[in-house]
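So this first bit is one chain, no partners, the form predicted on its own, shown in structure tokens.
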Amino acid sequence: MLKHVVKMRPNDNVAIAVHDLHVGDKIKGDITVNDEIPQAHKIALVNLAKGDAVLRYGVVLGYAKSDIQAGDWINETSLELPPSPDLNKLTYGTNIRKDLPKPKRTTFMGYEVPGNKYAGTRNILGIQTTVQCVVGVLKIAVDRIKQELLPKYPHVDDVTVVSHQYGCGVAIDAPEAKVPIREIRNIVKNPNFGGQIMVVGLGCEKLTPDRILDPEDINDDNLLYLQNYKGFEKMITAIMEMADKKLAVLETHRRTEQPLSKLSVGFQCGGSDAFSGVTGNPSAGYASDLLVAGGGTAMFSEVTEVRDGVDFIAQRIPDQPNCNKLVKEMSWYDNYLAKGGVDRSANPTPGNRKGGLSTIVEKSMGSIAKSGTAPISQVVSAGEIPTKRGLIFNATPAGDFTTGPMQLASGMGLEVFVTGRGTPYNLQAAPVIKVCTRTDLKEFWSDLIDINAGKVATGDLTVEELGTELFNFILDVASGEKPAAERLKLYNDICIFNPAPMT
């Protein structure tokens, strides 16, 4: 670490500003700052000629569009993107770490769910929907359920509607319809819903019960259609009667001590900045390593945001079949973007750029850091339930509101969300721990941020110390403690990813 700046690797020729840098400031003793450089943005450490590689994390972020002097500000206007890694040239199994840090805690207090490989971190009645048409009625019904029924069941945490835009007006038999259907089908099985199934449909939609429920679960105890009831009040009564029965079962559930092998944690980042790969994501990665070493499951995702670091991911996959699955998933997204007439340059976002991220390569390297250093035990399609424990790559899109639901579908009991720019994002079906990358964001949003990773940038804590703090908080939240967004009841809608045609 240099005074005023952070340099990630010995051969890097840029560093990022820990705070705003001003013309005339000195860094590294003999480098004079030539421009007003915002916090988290890059400063050149050496003279660079047009076409020279700009290096951060030891990788090429891009090539200089013009001559650059030591002390100059480098941003998104300064660089030409390098080519993406060739998916046909990936090598696997060359970086398999076996000496992961060992956690001191190896259990949490969760809800055992019969037939589910994971335990719940919450005890929630999740009401699934087959089509958006029913959501208006359901919202009124749930308001009444919370007012009139939920007080009778003090051991039930909440009631939530799993609403989505899918179900009708879609090409339900299109090849890629498997993506949203798999997601909806598997969200029903999330352990935080305690094994209770309650589905409300309209009656004429394309998303029929056989597409989202197992045959033995398709019955009048679990499923009702609004079109079968005469008028609004009878609909509400039917929903409340079914909910009352489900709540009575959930009320019998109690937290018991569970091994880490029963915990699945999703890791995600959003509103990222150049500190994400310095403080927040490496700390999350260390927490992930502790979880995996203790026998738990950690999921990282966001295909398009790790695509430019895919070679580093492949090196941590010990077997050919999972490497092949990685190539298949990455290729699918490459083709998906191409069909839409865009490429990877559509990322980063304006907010990412304001936070110092110049190219998708830089964003990718920071994003991968939240996966830690553990071997990748399995690559799964978006929303697929893993068959293995350990570190899982869940091949989801990169948007916050699509990644979270996909991880829910894959069995996530809680989520760790790292942010540099700040976001109040949260899920109702699973608690979300918010980690910020900068101390000034924690001070600005003190009531929204749970863990301040900015202490790593200032040297007050190491990544290992902050990661251990986060790991312990993960287990506390899994055991019932509420993070900030859950206490404030900030719940976002679930967005189902549908790459198939609308009709």
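Note that the rigid core is defined as the largest set of C-alphas that superpose within 1.5 Å between two forms. So that there is no doubt, residue numbering starts at 1 and follows the sequence shown. Remember, it's a predicted structure, so these values are computed and weren't measured experimentally.
Same protein, other form: the form predicted in complex with a further copy of the same chain, not shown, and the subject of what follows.
S.K.: Where does a further copy of the same chain sit in the predicted complex: which of 364-372, 255-263, 112-120, 219-227, heavy atoms within 4.5 Å?
M.R.: Heavy-atom contact with the partner occurs in 219-227.
S.K.: Here the chain is shown alone; which of 386, 271, 101, 309 has a heavy atom within 4.5 Å of a further copy of the same chain in the predicted complex?
M.R.: Contact with a further copy of the same chain in the predicted complex is made by 271 alone.
S.K.: Just one of 136, 350, 83, 215 has a heavy atom within 4.5 angstroms of a further copy of the same chain in the predicted complex, so which one?
M.R.: Looking at 136, 350, 83, 215 one by one, just 136 meets the 4.5 Å heavy-atom criterion.
S.K.: All three of 233, 304 and 445 touching a further copy of the same chain in the predicted complex at 4.5 Å, heavy atom to heavy atom?
M.R.: Per the other structure, all of 233, 304 and 445 touch a further copy of the same chain.
S.K.: For residue 240, is any heavy atom within 4.5 Å of a further copy of the same chain in the predicted complex, or not?
M.R.: It does not: once a further copy of the same chain is placed as it appears in the predicted complex, residue 240 has no heavy atom within 4.5 Å of it.
S.K.: Indicate whether residue 339 is a 4.5 Å heavy atom neighbour of a further copy of the same chain in the predicted complex.
M.R.: Although a further copy of the same chain is absent here, residue 339 would touch it in the predicted complex, with heavy atoms inside 4.5 Å.
S.K.: At the 4.5 Å heavy atom threshold, is residue 87 in contact with a further copy of the same chain in the predicted complex?
M.R.: Output for residue 87 is no: heavy atoms all beyond 4.5 Å of a further copy of the same chain.
S.K.: State yes or no: in the predicted complex, is some non-hydrogen atom of residue 17 no more than 4.5 angstroms from a non-hydrogen atom of a further copy of the same chain?
M.R.: No.
S.K.: Quick one: name the residues from 386-407 with any non-hydrogen atom within 4.5 angstroms of a further copy of the same chain in the predicted complex.
M.R.: The stretch 386-407, when checked against a further copy of the same chain in the predicted complex, contributes 397, 398, 399, 401, 402 at the 4.5 Å heavy-atom cut-off.
S.K.: Given a superposition on the rigid core, I'd like a yes or no on whether residue 363 shifts its C-alpha by 2 Å or more between this form and the one not shown.
M.R.: Yes.
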